[in-house]
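Consider the single chain below, provided in structure tokens and representing the form predicted alone.
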């Protein structure tokens, strides 16, 4: 894979790490669930595979070799204290899709500096699409050796937009997000549920979706994608419209133009 031109060693390293593990994940996609070592975590809907842990270990090892004083937090439990810098990693966002051979999953790597996201990469191996952003330098998509700048969509209303959401792991018990999905199904052109927050955020940044919301997310689900949206000209907040931070659980990302309308619709639901 040709590495995308970047102005930052941080972003270049994140791209390198995501590209390396993505190649191996794509090779493993068609293997059986048994060979992937699929098990559960919090409940039967919350899956993890051996590939999640293998991928996390590889990414963390590379980042720690390059930046030994940086902190790390990752979905499968890796945690290293650091100074002003913290890497936030989801080795496979969309593990259920990956476990079942569905080619909708991504590697998500972000870097935070003193609480501000400064670099982010979301890599979709099955499409060989690498979305990357650096604070103040915009967001880019690399595919088939070509690069283009990312810009959010220009739809002005939700009625003209395709929107996306996700299903919380405890949805069977809580019903959280069902009323919101019903409300948006009656308003937007379509509501998409593809099973990976990182890709949904990248698609908002790329103008493919007008909005994405999901309750109950974690920092590793959203960190890289949030920077993509911001650097592509979009807006991100919590679902009530309050300022975004990386530990925000209930997230709304839009092209900016439909943001206030989405807040009202979600609130009404």
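Positions refer to the first chain, counted from 1. No experiment lies behind these values; they were computed from the predicted model shown.
Form predicted together with a small molecule: not shown, discussed below.
Novice: Among 194-202, 181-189, 123-131, 155-163, which stretch has residues whose heavy atoms lie within 4.5 Å of the small molecule in the predicted bound form?
Specialist: Result for this chain: 194-202.
Novice: Tell me, which of 62, 217, 28, 38 has a heavy atom within 4.5 angstroms of the small molecule in the predicted bound form?
Specialist: Partner contact (heavy atom, 4.5 Å) among the options: 217.
Novice: What is the one choice in 73, 118, 141, 167 with a heavy atom within 4.5 Å of the small molecule in the predicted bound form?
Specialist: Partner contact (heavy atom, 4.5 Å) among the options: 167.
Novice: Residue 110 versus the small molecule, in the predicted bound form: is there a non-hydrogen atom within 4.5 Å?
Specialist: Contact with the small molecule, no.
Novice: Is residue 231 part of the interface with the small molecule in the predicted bound form - any heavy atom within 4.5 Å?
Specialist: Taking the distances in the predicted bound form, the answer for residue 231 is no, it never comes within 4.5 Å of the small molecule.
Novice: Does the 4.5 Å heavy atom contact test between residue 221 and the small molecule in the predicted bound form come out positive?
Specialist: Residue-level check for residue 221: yes, a contact with the small molecule.
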